[in-house]
Structures are given as structure tokens and as C-alpha cells.
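Just the one chain here, laid out as C-alpha cells, in the form predicted on its own.
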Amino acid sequence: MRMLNWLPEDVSTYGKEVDSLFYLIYYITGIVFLLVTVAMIVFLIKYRYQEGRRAIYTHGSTTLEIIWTAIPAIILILLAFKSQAAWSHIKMNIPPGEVQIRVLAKQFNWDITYPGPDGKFGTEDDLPRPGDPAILDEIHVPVNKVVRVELVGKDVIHSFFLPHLRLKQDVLPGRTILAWFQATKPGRYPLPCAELCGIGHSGMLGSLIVHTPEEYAAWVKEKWPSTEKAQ
């Protein structure tokens, strides 16, 4: 049964919703695949060449065509209704972020900006500060906090992908797209680009570091020494 459960560990508050839909579709397509494969093998054996057998031509069956059109249509409609609640929760009703970050996607890095203690972008306490080198490919967040992400594209289409958080969002040039997640387990998780974005696409790999509350407080204090709490 291990082959039926091969997604990476789920460390997201909405991961179960995504996984249940994924596995439902996975099982449906798996069953259909097996049925089609078995039918194909049976037909290959049953209707193999035999001396003296003549082919019989048919012009089709309206009843069968209605059945194999209606069944996928009904399944598709049921999946649409079942996924609507998860889609609304994850994509349409983005909660206020307890932590905010801005991610500029560009060939071939994730350029991270933190708003600082005032929680606003474009102010003096932003990180990195003016003149500092860019913060590339490493995002720091606390565990069990809602993280609101502003995704901005610079050049071509990228895709912000956190497989352990069950979050995947395309990033388009010239647009700011909001996303969110809430990690439930500290650790380091991969952040690849999931959209072929150029010759260096495979190297566009960052990390999400989810800290315990104590570790995150220490990280904040290191970055903003003049304040006890940044966000």
C-alpha cells in the first residue's frame, strides 16, 4: 500500500483537504487505468488473428457513447463540488497574516523581503535594509502562525512551490498575487520553482525554515536588535 501514499509529509493546516482530493482523483484514475488495461489485454487475446475468422465492422453504439460520456461528466461535476470548499478556503479567503513576507521571483532566485517590526513594506525597518545584499532563497517563519505571502514576478512565469505545505502558486510578471500557509512542524523544507523558467530553472531552489517560537524570537532579535518583537 506504500505506493498509494507517496506524497511528502504534510506539515500544513490545509494539507489534509488537498491530500484527500488528490487521492480521490488518484484512485479514480487508477481504477480506470486498470479497467482499460485489462479490457485491452482481453480484447487482444480474444480478437487475435485466427485462420478463417472474418472481421465484423460496426458503426458504433449511441447507448455506449452516451454512457462513456455521461459517467466522466458526472464524476467531473462531483469533483468540482467537492473541491469548491477547499479552493475557497485556500485561494479565495486569505486570512490576515500573523507574519508577512514578500517574495520576488526572478531568474533564478527567490528574493525575500521582510516588513520589519512595523509590519509594513516600504519602510526603514524592512529587511534587507537599503544597501544590504539581497536575501535569496531562504525564508524564515514561525511554526503555527499564519504566513501571508506577497508573490511578485520580475521576468518570466515562475511557480512558488512548497510541497510539504501543499502550496503551489504561479507567479506572473507585473502582478502581485497573495498566498498563505500555516506550518505545523518545525524544520527545513524545499522551495523549488515548479514552472520551467529558463536554462537555470533546475537551480532555482530555496528553503523554507520553520522555527519553533523560541528559535524564531532569537532570529527576529538577531535581525532587529533594537526590538524584542518584530512581527
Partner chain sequence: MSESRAAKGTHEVHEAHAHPGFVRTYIFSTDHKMIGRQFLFMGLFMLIIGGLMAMLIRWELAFPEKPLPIIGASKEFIDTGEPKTSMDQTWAEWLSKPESEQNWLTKNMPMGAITAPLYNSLFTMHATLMIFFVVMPIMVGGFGNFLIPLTIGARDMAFPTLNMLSFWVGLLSGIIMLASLFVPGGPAAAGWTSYAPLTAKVEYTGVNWGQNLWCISLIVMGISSLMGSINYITTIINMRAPGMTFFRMPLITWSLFITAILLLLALPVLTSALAMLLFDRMLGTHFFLPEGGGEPILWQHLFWFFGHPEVYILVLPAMGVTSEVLSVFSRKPIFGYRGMVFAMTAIAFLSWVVWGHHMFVSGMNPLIGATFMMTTMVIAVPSAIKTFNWLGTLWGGSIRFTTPMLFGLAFVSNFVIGGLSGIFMASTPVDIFIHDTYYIVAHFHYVVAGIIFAIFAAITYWFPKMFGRMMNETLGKIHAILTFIFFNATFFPMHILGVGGHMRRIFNPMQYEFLHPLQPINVFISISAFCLGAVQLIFLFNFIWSLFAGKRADRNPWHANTLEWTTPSPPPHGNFDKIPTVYRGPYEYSSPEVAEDWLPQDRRLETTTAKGAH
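Here the structure is a predicted model, which means the values were calculated and not measured. Only the largest set of C-alpha atoms that superpose within 1.5 Å between the two forms is called the rigid core. Numbering follows the first chain given and starts at 1.
Absent from the display: the form predicted in complex with the partner chain. The rest refers to it.
- Of the candidate stretches 79-87, 141-149, 123-131, 98-106, only 79-87 has residues with heavy atoms within 4.5 Å of the partner chain in the predicted complex.
- The partner chain is not drawn, but in the predicted complex it has no heavy atom within 4.5 Å of V220.
- Using a 4.5 Å cutoff between non-hydrogen atoms, Q182 does not count as a contact of the partner chain in the predicted complex.
- Proximity of L208 to the partner chain in the predicted complex falls outside the 4.5 Å heavy atom cutoff.
- Contact between V156 and the partner chain in the predicted complex is found at the 4.5 Å heavy atom cutoff.
- In the predicted complex, the partner chain lies within 4.5 angstroms of at least one heavy atom of each of the following residues of 21-38: L21, F22, I25, Y26, T29, V32, F33, V36, in sequence order.
- With the core superposed, I199 shows a C-alpha displacement below 2 Å between the shown form and the other one.
- Once both forms are fitted on their rigid core, the CA atom of I25 lies 2 Å or more apart between the shown form and the other one.
- After superposition on the rigid core, displacement of the C-alpha of L178 between the shown form and the other one stays below 2 Å.
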